[in-house]
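Only one chain is given next, in C-alpha cells, and it is the form predicted on its own.
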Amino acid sequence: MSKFKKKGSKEAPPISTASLPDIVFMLLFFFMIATVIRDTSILVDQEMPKATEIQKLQRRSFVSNIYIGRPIKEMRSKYGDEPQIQLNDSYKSLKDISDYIANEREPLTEAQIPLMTVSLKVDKKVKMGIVTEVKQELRKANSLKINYAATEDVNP
C-alpha cells in the first residue's frame, strides 16, 4: 500500500518550436551585419612580407589598394610570369594609375582627399623596380600618402 502512485508512463514533453523562427532571424541579422563583402577579387599572388612594427589603418574607407605580384595560376597563360599591377578587378599598366587615383578621389569631398591613403599590397617576391615605378606614378598623380601592407612577424 504505497502512498505514491505512478501516473502512467512518463514521456518527455514535446519540444516547443515556437521560438525557432526568432532564433533563425536573429542569426540571419547577425551574419548580415557582421559579414564584410569583398569588393575586389585578387588576381595576383599575395604573400605579404613580414614586419615587426605594424600599425593598423584607422579609416579604411579612405584607403585605395594597389596589388602587385605575379598573376594567379589561371591567368599566367594569358599574362605570363612577370609581375602585374592590379587596380580594382583587372590588370593595368603604369599609365593607368593616375586615372585610377582620379576615380578614387571623385566620391570624396575636398576635406577627405588629404585623408586618402594608397596601400601597396606587394608580393614579397616582387622586385623593387616595379614598386618604385608605381610610387613615381603616384607622385605624379599627387597621391603622396602611401603605406605598405605587411603581416606581423611573430618570431622576429
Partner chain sequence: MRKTRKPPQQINAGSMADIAFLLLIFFLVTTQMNADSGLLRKLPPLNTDAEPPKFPERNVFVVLVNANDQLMVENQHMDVSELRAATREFILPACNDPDQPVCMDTTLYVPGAGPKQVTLTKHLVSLQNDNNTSYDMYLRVQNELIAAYNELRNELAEEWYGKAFDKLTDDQAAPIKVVYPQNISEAEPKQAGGPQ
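Rigid core: the largest C-alpha set superposing within 1.5 Å between the two forms. Not measured: the values here are computed from a predicted model. Positions refer to the first chain, counted from 1.
Here the subject shifts to the form predicted together with its partner chain, a form of this protein not shown in this document.
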{"property": "Its partner chain contact at R59 in the predicted complex, heavy atom, 4.5 Å", "result": "no"}
{"property": "Contact test in the predicted complex: G129 vs its partner chain, heavy atoms, 4.5 Å", "result": "yes"}
{"property": "In the predicted complex, L20 touching its partner chain (heavy atom, 4.5 Å)", "result": "yes"}
{"property": "Contact test in the predicted complex: T52 vs its partner chain, heavy atoms, 4.5 Å", "result": "yes"}
{"property": "In the predicted complex, residues of 107-125 near its partner chain [heavy atom within 4.5 Å]", "result": "T117, L120, K121, V122, D123, K124"}
{"property": "C-alpha of N142 moved at least 2 Å between this form and the one not shown on rigid core", "result": "no"}
